[in-house]
Each structure stands twice: as structure tokens, then as C-alpha cells.
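One chain comes next, on its own, written as C-alpha cells: the form predicted alone.
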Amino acid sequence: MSVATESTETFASLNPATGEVVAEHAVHDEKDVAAAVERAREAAAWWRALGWKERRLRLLNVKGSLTRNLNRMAEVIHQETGKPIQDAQLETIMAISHLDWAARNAHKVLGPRNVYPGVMAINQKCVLEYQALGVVGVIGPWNYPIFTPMGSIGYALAAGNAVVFKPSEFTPGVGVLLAELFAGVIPEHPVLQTITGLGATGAALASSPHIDKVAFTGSGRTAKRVMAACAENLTPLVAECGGKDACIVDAGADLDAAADAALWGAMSNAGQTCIGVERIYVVDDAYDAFLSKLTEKAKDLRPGFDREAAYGPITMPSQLEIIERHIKDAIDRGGKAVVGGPESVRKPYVEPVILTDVPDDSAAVCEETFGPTITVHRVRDLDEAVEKTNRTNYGLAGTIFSGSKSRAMDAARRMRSGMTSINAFAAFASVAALPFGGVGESGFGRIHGADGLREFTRPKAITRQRFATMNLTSFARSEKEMQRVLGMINMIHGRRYKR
């Protein structure tokens, strides 16, 4: 459900392509947020008591409702972000698949399991289970306004929590519609509530003393503010921040496939993708052929709001200045624009830009651009490609194209990132069983997969004594008992191991 408010203050969500008002939404203040969290605490108790089977059934029915309303959701995404309708549909499909996986696998991942106690505690029955936290606050982004937050919302709900969702002020309608669909399937209690507003609304959610965990997606700068708010109450946080992801093209790679994937990774969603490709490192032998294929494919791309457009506008107007600054800085420092250039920035759109010979310490290489631009670099070999890939404080994802499975796997393991895809772009994002998250300035914690389910729980260890034996944790223990134990330990653990 979307939270009601006594305040009359509203804000407009705008279509970034046309500037037209999509809808007006309430600005929820601190009192509204506190009331939503209080309702969520009651809902969480009811939701947790339902048990695994009933929660699974209800979440699968929510999935069905979202599927039946797929085009409706995609249209809201299209209007609020400007991205092509098919991209909005694809994003919604991915959200549906993740909700399905979380619902179906929560009990298997989180349910009670027996743990072998070891010889010294053989008289103990040991059980490990993962218990719901209570209320999870989710602060979502605007670039993938249903897929990204669903990685927290769906998994937190499947784990037995209630959720209060603060969507981006650029895409509030997506959150409102999602809460509406949940309420239609689960009318008894508001297990998912959407609060709308600007930064102050998100801050009120993060600083609430009754939130048990916050899942945040956004810039590193904002993440630090959210962390500071959470610190007041020692509220744990999972943060997925930005990236400066690289694509490595090795010798023997399928260059057509590599160029196609790199272009999609760089330009889709107007480059506004945290796991998007912003840098490409190509080994010397493949550089010229790859660059030729990449530039040829890029020339066919056109931004716009019509159905034939390859991608849409820049959703957040202030990002245009950053994109333009990065392009100009790269060229001023000796870089070459082989496709596009500074003139490609035509508010609210940015046409494709491919830059070469850009210095490694330029803004276009070191800072997150978040636009349809890419830098292409010639490297000596795969080792240099990996070394340059890791020359950043970010560490979210990466892509490797190679004709050698062993070389690709070795490079993937050495790449400093939370996720790497070989011979495809970002395949891991569509695999619900795999964890998603980064290292360094790209954040910490994981969503998706078993790790994502556990992220929204606390592990609970329980031991139950099945029969009495020597009690060594007693002032009544005897010298004889201690000698017997020491002999046993020496026999089990004291032997030498040979290579």
C-alpha cells in the first residue's frame, strides 16, 4: 500500500524526455514514515507467523499479479525514466524472475538444519536457522526502478520481513504501483508499503530507530549519508553503489559478439547502468579490428522517446553536466572521439560517444560517467588489461571476452569485482541464484541468491543436550576427566600430516 499523509505537500514526477508531469505524489514527512514503520512492525509479526508455505504462496500470487500487469508497470517505467518500452518490459521480467526464485527457495536456504557438533560435543543436538529481522527499509534507485529494489524487497519478504519502500523521487509511480499490486494480493496487512518524497523522506526512513536493516542503492556520496543516519541506531546496511566497470577483450575472442555486448553494456539505458561498461581494454592483436566493429555498430544507435529509439534520455538532468565534462576533459587531454564528441550532448539526450587514447588518470576513466560514453584502450596483453581494470576504487562487475576458457576464468578471478561475466554482458544479473554486489566504493553486502536471502535474516544457533556426559564446564570436574579429554584431543588432533 502507498502511505496516506495528512500533509498537502506534493511533488511531481516528470517525463525526462518531454518534461511533462507524469503524476503528483505526496511528500511523506517524518511522522508519516514513523507511522508506516509502526504498521510494518505489526505486519511483520503477522507475516512471520504465517510460515514458509503461506508466505511462498502469497509471494507467488504477487508474482502472478505483476506478470498480468507487466505492460502497465512497463508503461510507468517508460514514462518516468524515458527508457524504451521494451527495455522497461525486460526489466520487469527480470524482477518477476527474482521474486519467483526468492519465494521458492527461501525455506530451503533459511529453514532449520542440523549441524554436526564434533566429537567434543557429541551429546549436543545442534540446529542452525535464519530468523527474520523484522522491518527492512529499502531505498531504491531511478535507473532500474523495479528490478533493482526487487532484489531487496522480494528477498526480504521471502525471508519473513515486512518492507517499507522509498523509491527515487524520479520514479515514485513505480513504487506506488508495486505496493498497490501487493495490497491487492495480500490485503490483510501491509507487508509492503511505499513512501514517497525527496531526500528528507529517505533520511527519515534510514534514521528510524525501529528499522531493522536498510537496503540502499545509489551513489557512494549518498550512501555515506545513509550510513551516518543508520549509525545513530546501529542499523545494519547493505549498500549497492556505483561502478566504473570494464570489459576486457582478449586474443581469440569473438570480436563481433564482444563489440555487440560492449556496446549494449555501454549504451543501453543511456549508459545509466551501475554495472554498465564504461572502459574497454583490448589486447594489441585484436584492438584495431575490435574498434572498427564497435564504431560501426555505434553509428546506428539513436536516442529518443519513440519506439524505434535505441535508448532514452538522461533521466536525471544534472548528470548531463558530468557527462559533458568527462568528454571535454578526455579530448582536452589528448583523447580522440572516434564516434560523437562534446556536441553529442543534446539535452535531454546524449548520442553515442566512443573515446580512444584517453589518459588513464582522466575523469572519463576514473570517475563514474553514467552516460552513453565509453573509453577504449589498447593493452599489451591480458595481464595488463586486468591490472588496468583493477586500477580503481570501484569494484562492482566486469566482462571478459576470450577464446580461452582457462585464460578467461583466471582473469575473472583476478578482476577486483563482485561479479564477472565471460563472453556475455552481465549474465549474472538475470541468474537469481547468484549474489549481486560489489567491493570498495561499489558498496558491501549482497542481494539476490542464497546470500541475498541471508542478508535479511539473523543466524540463530541452538544446542540441546541429548544425554549427560563429562561436564568440563563445571567446578566439579575431576582431574581424571580432564586427563581423559587431553588424551582424546592428542589422539584426534596431535598426529603429523604428510604431503
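The first residue of the sequence shown is number 1, and the count goes up from there. A quick note: this is a predicted structure, and the numbers were derived from the prediction, not measured.
Just so you know, the form predicted together with nicotinamide-adenine-dinucleotide exists too; it's not on screen, but the next bit is about it.
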Next on the checklist: Just to confirm the contact call: exactly one of 160 to 168, 333 to 341, 301 to 309, 113 to 121 touches nicotinamide-adenine-dinucleotide in the predicted complex at a 4.5 Å heavy atom cutoff, so which is it?
Outcome noted: 160 to 168
Next on the checklist: Please tell me which of 219, 97, 423, 356 lies within 4.5 Å of nicotinamide-adenine-dinucleotide in the predicted complex, judged by heavy atoms.
Outcome noted: 219
Item to check | 265, 84, 242, 352 - the one with a heavy atom within 4.5 Å of nicotinamide-adenine-dinucleotide in the predicted complex | outcome: 242
Checklist entry - Quick check: do 66, 107 and 182 each get a heavy atom within 4.5 Å of nicotinamide-adenine-dinucleotide in the predicted complex? => result no
Checklist entry - With a 4.5 Å heavy atom cut-off, would you call residue 47 a contact of nicotinamide-adenine-dinucleotide in the predicted complex? => result no
Checklist entry - Does residue 370 reach nicotinamide-adenine-dinucleotide in the predicted complex, with heavy atoms at most 4.5 Å apart? => result yes
Next on the checklist: With a cut-off of 4.5 Å between heavy atoms, is residue 128 one of the residues that contacts nicotinamide-adenine-dinucleotide in the predicted complex?
Outcome noted: no
Next on the checklist: If we define contact as a non-hydrogen atom of the residue within 4.5 angstroms of the partner, is residue 202 a contact of nicotinamide-adenine-dinucleotide in the predicted complex?
Outcome noted: yes
Checklist entry - For the stretch 274 to 299, which residues lie within 4.5 Å of nicotinamide-adenine-dinucleotide in the predicted complex by non-hydrogen atom distance? => result 274
